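One chain comes next, on its own, written as structure tokens: the form predicted on its own.
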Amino acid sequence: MARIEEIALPRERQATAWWRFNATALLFLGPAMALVLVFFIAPVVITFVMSFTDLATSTGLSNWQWIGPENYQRMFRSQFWLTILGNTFVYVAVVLAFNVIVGLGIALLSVHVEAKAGGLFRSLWLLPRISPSVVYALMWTWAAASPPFGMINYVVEPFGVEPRYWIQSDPWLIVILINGFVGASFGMLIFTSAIKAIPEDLFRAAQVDGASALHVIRRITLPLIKWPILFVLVYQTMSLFASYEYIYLTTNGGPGLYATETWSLWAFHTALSNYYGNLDFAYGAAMAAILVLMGLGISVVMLRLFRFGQLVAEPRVEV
């Protein structure tokens, strides 16, 4: 008995010391942790729980029942789920590549010109992001209008491209461009800040050694902004998997049957805006749950590919 008390006493002292050491950090992190718990963790848990019920407008909020994995079985029995899944991965991959490549290109170009000109150039690229979504989508709808209207037709006509109604003939092109210009502005801001944080001495030393601009970008700039690139990739991936706003405003998943329907838009149509009047909340929650798992899985893969542990590790000091 005495031996147990001797072991318990140091543990109590360790716990007291731990609380004293971390009390200040917990005090400041407490509000942020509460917000994350209430607005991020709790909705995900509720979504997963709801996906195992039959909650819908037909059952009401009080007559729902537990049905187990039936919603998931119903989802994968649908003849369209593979088409929508393919649309989702194509949409995420192409728009993500557009966002990162164009955003990085704009950042590299704008930091190597006169400061005011570079700032003005970046400001113009921010216009799609700060514009109201409906206005921005409406501008693209007008630009892609059928001949003799539509600015796109006037732009491509000198190159021998036949005028057309672009949303009908090439809906994915319009969807990718709409989302790409918005996403590229986000990457542009992050990459510009990261490039400006690189010490100027490194660039001057490379110029003295006769390195070309491409060598400077490849050997200095890109390796030193690896962390911002990873952040943009992961953040934009999660964002694109969940986004459907501009698709909904321009094509609404069409033209035709599920031509540009993505997984998030499918979940929205099922749970909140379907053609049959019965809003199937639980079925839509099951789709959203799959979406969460897909986003998390791809994010983990990216973190491993970029060796996230090494990026955040403390630098070794050579003695």
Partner chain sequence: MSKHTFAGREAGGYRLSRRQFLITTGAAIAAAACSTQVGQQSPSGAAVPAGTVNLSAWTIGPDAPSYYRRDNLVSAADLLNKKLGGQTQVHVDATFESGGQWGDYLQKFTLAAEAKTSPDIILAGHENLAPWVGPSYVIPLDDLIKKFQSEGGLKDVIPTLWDAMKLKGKTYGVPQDTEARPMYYRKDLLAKMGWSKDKIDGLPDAVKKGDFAWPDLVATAKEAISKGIVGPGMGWYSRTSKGADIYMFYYQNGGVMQDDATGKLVVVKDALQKHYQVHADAVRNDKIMTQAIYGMDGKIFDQTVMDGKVLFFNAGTWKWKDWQTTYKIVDQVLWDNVGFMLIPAAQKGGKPVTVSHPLAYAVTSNAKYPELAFRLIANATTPELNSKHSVTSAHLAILSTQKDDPTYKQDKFLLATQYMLDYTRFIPNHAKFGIYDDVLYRFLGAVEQGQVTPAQAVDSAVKEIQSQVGDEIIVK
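Numbering follows the first chain given and starts at 1. In this text, rigid core is short for the largest set of C-alphas that superpose within 1.5 Å between two forms. Not measured: the values here are computed from a predicted model.
What comes next is about the form predicted together with the partner chain, which does not appear here.
For the partner chain in the predicted bound form, the listed stretch (32 to 40, 45 to 53, 60 to 68, 290 to 298) containing residues with heavy atoms inside 4.5 Å is 60 to 68.
At a distance threshold of 4.5 angstroms between non-hydrogen atoms, residue 27 is out of contact with the partner chain in the predicted bound form.
At a distance threshold of 4.5 angstroms between non-hydrogen atoms, residue 149 is in contact with the partner chain in the predicted bound form. Under a 4.5 angstroms non-hydrogen atom cutoff, the partner chain in the predicted bound form lacks residue 218 among its neighbouring residues.
Although the partner is absent here, residue 72 sits far enough away that none of its heavy atoms falls within 4.5 Å of the partner chain in the predicted bound form. Of the candidates 140, 248, 181, 186, 248 is the one whose heavy atoms come within 4.5 Å of the partner chain in the predicted bound form; the others do not. None of 116, 204, 77, 196 but one reaches within 4.5 angstroms of the partner chain in the predicted bound form through a heavy atom, and that residue is 77. In the core-superposed comparison between the shown form and the other one, residue 61 has its Cα shifted by less than 2 Å. Positional change of residue 119 between the shown form and the other one stays under 2 Å at the C-alpha, relative to the superposed core.
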